[in-house]
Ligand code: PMP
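Shown below, as structure tokens, is a lone chain in the form predicted alone; questions about how it binds or moves come after it.
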């Protein structure tokens, strides 16, 4: 061997598109450009004070040492209680573990259930990391094409057909959805569960946006439905709802034998989640903050409504109102056709010409669309709309 080289699997892993866009925008800001960045899904609200203070107390009290790999027992118990109270999911504390963010929880889950070469269905549009995480678990990602005309909620028959065609062993679902904001109803989720039960498939359900809902939408976990619990691993937590993005915490819940396997994997990969962050997460479980959450959701709702109203007045762009999360998946197919470009070039031009950072839909397997995050402030969104108008009106 001439020198150290990365292996074939690592070469198949691409950099996260959202992080890449955010990093480029940050670099431009550092160079003095007035960049509006709507790439990353990170709320502009601070971590609520009681939760942040719990982290500070942990440092002051010397709670900075190793914990058990799956998290401190108190937090596993608190997570069990929180999942029951918030989503009516009944898990014992030993069926709940703490991970270092949703991405780490997904990694542990997939590593524990994917066999080498297993086909795994991923419903498009999907969060950009799902295919890479399946690949890192030695699985084979199989993308089920997006259905914008159905509100981004797939028909059970299409999922069943994809399963049979590819011999799928499992499926990754994400509702409320990033990037579309889709929220299926109970019957639609039950239909997915029924397909999985009939075909002997497991489900990894990313529910990190489960409390961020609009217009009376309700989040239904596949694990709460008949035939779902025994085949589902649930990822959830406070990352998006409480701005714990940098604290890197999450819960992974599921049947005890699989959670035990995930704990063993985590013991070798991480050791344990950050001890300080666990104390903050424990406070989040124990201390509901309805006023803070109401303030956030009011702001997100106003921002969503603003984008829906304004974008639908810009020629060549369309936006259906998201029902969950805080992303606007803008249909730019008409604009792309008119200019003879794709969504990737469109986003490159937006950043270069108008200093507006957005993520191309191709990163989520929905070409011709563009994702804007409205986790940013209203002032930033107003500037973004002005720049978007200027970009579209330019000859």
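None of the values given here were measured: they were computed from a predicted structure. Positions refer to the first chain, counted from 1.
What comes next is about the form predicted together with the ligand, which does not appear here.
J.: Flag residue 184 as yes or no: does it have a non-hydrogen atom within 4.5 angstroms of any non-hydrogen atom of the ligand in the model of the complex?
T.: Contact check for residue 184: no, nothing within 4.5 Å of the ligand in the model of the complex.
J.: With a cut-off of 4.5 Å between heavy atoms, is residue 209 one of the residues that contacts the ligand in the model of the complex?
T.: Heavy-atom contact with the ligand at 4.5 Å: present for residue 209.
J.: Taking heavy atoms only, is residue 240 within 4.5 angstroms of the ligand in the model of the complex?
T.: Yes - in the model of the complex, heavy atoms of residue 240 and the ligand come within 4.5 Å of each other.
J.: Counting only non-hydrogen atoms and a 4.5 angstroms cut-off, does residue 282 reach the ligand in the model of the complex?
T.: No.
J.: Which listed residue (103, 140, 197, 318) meets the criterion of a heavy atom within 4.5 Å of the ligand in the model of the complex?
T.: Of the listed residues, the single hit is 103.
J.: Can you pick out, from 169, 219, 229, 248, the residue that has a heavy atom within 4.5 Å of the ligand in the model of the complex?
T.: Among 169, 219, 229, 248, a heavy atom within 4.5 Å of the ligand in the model of the complex occurs only for 248.
J.: Of 149-157, 171-179, 187-195, 69-77, which is the one stretch near the ligand in the model of the complex, taking non-hydrogen atoms within 4.5 angstroms as near?
T.: Answer to the contact question: 171-179.
J.: So which residues in 122-141, when you check the ligand in the model of the complex, have a heavy atom no farther than 4.5 Å from it?
T.: Counting only heavy atoms within 4.5 Å of the ligand in the model of the complex, the contacting residues of 122-141 are 127, 130.
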